[in-house]
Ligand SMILES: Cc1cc2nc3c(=O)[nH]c(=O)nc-3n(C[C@H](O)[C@H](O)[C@H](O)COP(=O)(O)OP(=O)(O)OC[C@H]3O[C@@H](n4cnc5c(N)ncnc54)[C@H](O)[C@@H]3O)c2cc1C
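Take a look at this single chain, the form predicted alone, given in structure tokens.
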């Protein structure tokens, strides 16, 4: 039998780990280079929507998602009105899965090693080469952006519904229960000059965004300091990025969608699923690397084009106070098409 061509994956997040594990199950030699280590916390909404059973089956994800919480209803709050009834209740067409990246990444990493994969943590690869067989799944691309992402886990934080989404002045914050009784609190904020660190920085941003009731709720809960993390210069994509040379880009390296969709984790898995068959064909010698890169890029564009365009159009209405008021007015008039928007975003 002809030896399989090896695959190298730069980046051990959801896309890189799930792809590496699926390739190893097909006896492909795989090495993953990861700059960090496991387990680790990540700035992430930590709820997954739009992940089809077929994707779960193709990537063999079921064992890792078995204890994920099932969320079926979202409560939307605008401004400091979180002490009153939600501005809108949204029933999800299918349950969103709640599971922390701290648990999920670690499980996938252990399974990859158990399947014979070579996982090299605390290892960086220079972004200069587009060697055949090398896949880039390094997360968000660096760039200029005024947005800041903050995340922390809280205990003893009661929610009005399965999920809560809070819109503030140039900010939105999602609350999603995960395993072990914790609630993931993850927000996107326009950067401000605030002198604080850790949980106090998040509380300060909530206050500055006018989300005073939410800030008080968090301050009264037990915040897990070790889970706090931040990411600066957060940007989002209108379309799948065209690679500068012959390379495969997956996950956030391929395209980053605004977090209110709950679709970032799902897109990471879906991009791995999209790349799997072409990479298997390359590894078997059925195609060359240039054709493999082109096939994956075109498939990713077809798969994600509509949802990225829709998210880009909706995103500004969640940040700007004037546009938030327009959303609220449309909601009161029962003119807010949440179900069609959900379908387009997934």
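Positions refer to the first chain, counted from 1. Everything numeric here is computed off the predicted structure, so don't read it as measured data.
Keep in mind the form predicted together with the ligand is missing from the figure; the text below concerns it.
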_Of 304, 289, 33, 64, the one that lies within 4.5 Å of the ligand in the model of the complex (heavy atoms)_ = 33
*Given that the ligand is left out here, which of 117, 79, 177, 264 has a heavy atom within 4.5 Å of it in the model of the complex?*
264
*Contact test in the model of the complex: residue 252 vs the ligand, heavy atoms, 4.5 Å*: yes
*4.5 angstroms heavy atom contact with the ligand in the model of the complex for residue 42*: yes
*According to a 4.5 angstroms non-hydrogen atom cut-off, is residue 160 in contact with the ligand in the model of the complex?*
no
*Give a yes/no on whether residue 270 approaches the ligand to within 4.5 Å in the model of the complex, heavy atoms considered.*
no
*In terms of non-hydrogen atoms within 4.5 angstroms, which of the given stretches 219-227, 203-211, 179-187, 106-114 touches the ligand in the model of the complex?*
179-187
*Can you name the residues of 86-121 that have a non-hydrogen atom within 4.5 angstroms of the ligand in the model of the complex?*
101
